[in-house]
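Next up: the same protein chain in two forms, each one alone, written as structure tokens (structure 1, then structure 2).
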Structure 1
């Protein structure tokens, strides 16, 4: 059985900024095995978020290939990418991206609703219990702290049992206490065998990962 969840082959990403060509990624090669917890680190502007966006099917590479569980997604159309994102990837963003008019329960259920699949209420409760928020089921995001909103985002990323969790600075907007809570959840997910790729500046989160990938000027070191 192939245990490679993610593989990048010579991935380049170029942007035009006026007359200047920005080489956001340059011949990036990366392989992530099932159950790994990989931290991607580098200075601001080094290409970390660009890499994560391409891995998650939110952007296309200029050249090279991206294989997700053996499927090349680098040239997939938006309809195919949307399906892959909903079924195969759980996203956790720095800005939470919760819908303010929906309850905690409804926000967690959203990925399943987008797939037109019924979401088991007990599964939502169990996920929220896992992140310590089962008592907040019917609260709106505006009634939660930053740490609680991020925990809702983590629960949402797990609702479809995606094999890959991608996180972009998941502790970036949190104080140390709430950051510790989120890091503990990632520890637990890793112990459970989830594959996690996280972009972070948090030194403690880096220490908890199983492997560190350095990126500098668009090149993976």
Structure 2
């Protein structure tokens, strides 16, 4: 069995900002094996979110290839990417992207609904309990603090039992107690054999990872 979950070959991503070309990723090469817990670290603007978006099929590379469990997604069409995102990836966004008109519970259920499978109510409640938010089930995102929204985003990433979890600064808005709660969830996922790629500035989260990848000016070091 091929155990490489993720492989980036010479990935470049350019953004056009007016007349300027931003080289957000430059010849990035990365290989992640099943069950690895990889921490991506680098300064602000170094290309971490760009990397995660490309790995998660949310953005196309300018050049190079991205293989997810052997399948090249770098030029896949939107329909194929949407299917992969629903089934294979749990994503925690840096900006959360909660739907403002849906309750906490509904936001967590959403990726499951996209799969056209009934979402087990108890599972949603259990996930929200796991992130310490079972008392906020029927609140709207606008009624939550930044840290609470972040924890909803983490719960949502787990609803589909995806084998690959991609998380962008999942403890960035949390106090140490809540950050500890989220980190212990990542520990459990790791023990369960899930593959985790997490962008973080949090030294304790880095400490718990099995490998650290440094990124600097769009280059993986």
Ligand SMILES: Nc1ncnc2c1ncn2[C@@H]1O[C@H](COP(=O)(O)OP(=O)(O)OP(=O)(O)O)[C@@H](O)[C@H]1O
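Numbering follows the first chain given and starts at 1. Treat the numbers as computed from the prediction; the structure is a model and nothing was measured. In this text, rigid core is short for the largest set of C-alphas that superpose within 1.5 Å between two forms.
- Only structure 2 matches the form predicted in complex with the ligand.
- With the core held fixed, the Cα of residue 76 is displaced between structure 1 and structure 2 by less than 2 Å.
- Relative to the superposed core, residue 156 shifts its CA atom by 2 Å or more between structure 1 and structure 2.
- For the chain modelled as two rigid parts, C-alpha superpositions between structure 1 and structure 2 yield a turn of the smaller part by 15°.
- Aligning the rigid core between structure 1 and structure 2 leaves the CA of residue 108 offset by 3.1 Å.
- Here residue 130 exhibits a Cα shift of 5.2 Å between structure 1 and structure 2, evaluated on the superposed rigid core.
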